[in-house]
Each structure stands twice: as C-alpha cells, then as structure tokens.
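The chain below stands alone and is given in structure tokens; this is the form predicted alone.
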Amino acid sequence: MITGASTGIGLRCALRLDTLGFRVFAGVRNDGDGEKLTKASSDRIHPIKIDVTEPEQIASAAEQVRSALGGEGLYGLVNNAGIVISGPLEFLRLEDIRRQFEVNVIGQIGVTQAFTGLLRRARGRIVNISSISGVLATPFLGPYCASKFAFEALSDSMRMELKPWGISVSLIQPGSVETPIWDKSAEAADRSVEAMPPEAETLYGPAIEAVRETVDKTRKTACSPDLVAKAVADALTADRPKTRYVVGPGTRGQALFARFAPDRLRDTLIMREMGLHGR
C-alpha cells in the first residue's frame, strides 16, 4: 500500500514495485489519477482513493485492501503523502501550519494505525518517506521541516514498538527531488505571501525572493524520483533493511553537517548558501 501515488515519488514507487512483481494498492486523490496510473502499469496495480486527512477515507481504503487480500497479510506500507507549507513563521496562518501537520504527520499515523493489523499478519514492512529536512532545518520552510522532524521521531518510536512482531520500519531521507510538489508549494507560498499584511513584504520581501532563487537553483540539481523508488524497493526487499536511506547527491554530507556542525556555524552557512547574508 502506497499513499500519495498520484505523482512524483509515490507514482515512481508504484511503477517500480509493479515491475518487481508486487501487487500494489496505490493511494490516489481522485479517479482521474487512478485511471492514468492503470494505463501506465500492469493489472497488478490497484488504485484506491484516499485523502490521508480524512479518517473515513483511510478506513475505507483499509477495508478495500483487507477485502482484496482475502485473509492474507499486507507485506508493505509506504507512507509517502505530503505537502510543503513555506513562508516566514511570524506571518504564516495557523490554519496552514495545522494543515502541514495534518497531512505530513497526523495523516501518516492514521494510515499506519489502519494497516498495522494487516502488516502484523505478514510480518510486513513500513517505509516512511521523510526528507533531509527532517534532520536539517532551513529558514522559511519551518512548518515542513518541523513535520519531517516529527515524522523521524515517530518512525523511531514505531520501529521499536513494532519490533516484537517482526515489522521493520525504514526511513527514506531524500535531498531535493524533481517532483510536482515544488510547483505546488511555490503556488501555495505565493498565495500565503499575498494573504500576509504589507509589513511582511517590508520585513521579509528580499529574503523570500532570495529563497525562491535558491529553490530554483536547487531544482536544477535535483535527483530523479526513481532514485527514491529504488531505495524504497530495497527497504521492502533486502534481507536486512536499513533503518535510514539517505538519497541524492550531496545529501549524506548534509546529514553529517546537520549532526556535527555547531548550531551557529550551521545557521551561518545555511543562510549564506541561501543568499541571506547579513540578515
């Protein structure tokens, strides 16, 4: 079962696992996305409509999978659904920050709770799509980074709690990945900025523009979602799956930097890299 399989990482995971012979239940947001997915795959992929912020849809998806399995267990759950909320924390609407956590954290817990019983039957595996932003926070991505930090902690707790039943939990930590989520987040960021008071533009306008330029530059070196799908496949098939998979060029160095660099040095270097000198 994969959430967020309409586009990007989730889509590539569904297609890769299909080619490996898995029967894949692909969570999509609407019927149109499901139709596109079935046209691009074999009959082993079964689209299931699910919004991870809607408990009724989560329960319905779990029941559909349970019925399709006919008493068998579920081998894998890939928690991939996610959104990006960005902007200066001083002016972001609390409703937007809540939505960030509803999708990226609470929704993931809800999905995992709904499918754990099926995973237990098969001594299955859980693969959680995190991010390098789950260990390395950056300015103007506070809500997104916080949601991924939380997801990292929840995954660590989950890994220990589910160990008695042989259910492994792996985290995937990609760097920048070329997916539609960045286009969607840029549009959402523009709407957030437009909703902010004039004071926000006065205080943060140049910094927000610098961040936009940094994001555009980063996207030019973003890795393919196929690299992430490859790591997910390994987490699902390896005899001894890793607890964490760092994916993408330069991402391992970023993880080490986050772990060992002193806070103020880390702040200075991040801000310099993002064109925020002297702020």
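Note that residue numbering follows the sequence shown and begins at 1. Just so it is clear, the structure is predicted and the values come from calculations on it, not from any experiment.
The same protein also exists as the form predicted together with a small molecule; that form is not shown, yet it is the one meant from here on.
At a distance threshold of 4.5 angstroms between non-hydrogen atoms, Thr53 is in contact with the small molecule in the model of the complex.
Put simply, Ile85 is far from the small molecule in the model of the complex: not one heavy atom of it is within 4.5 Å. In the model of the complex, the small molecule stays beyond 4.5 Å of every heavy atom belonging to Val78. Contact check for Arg120: no non-hydrogen atom falls within 4.5 Å of the small molecule in the model of the complex. With the partner left out here, the small molecule still marks one of 199-207, 112-120, 162-170, 96-104 in the model of the complex; by a 4.5 Å heavy atom cut-off that stretch is 96-104. Val177 is the sole member of Val177, Leu92, Leu136, Leu141 with a non-hydrogen atom within 4.5 Å of the small molecule in the model of the complex.
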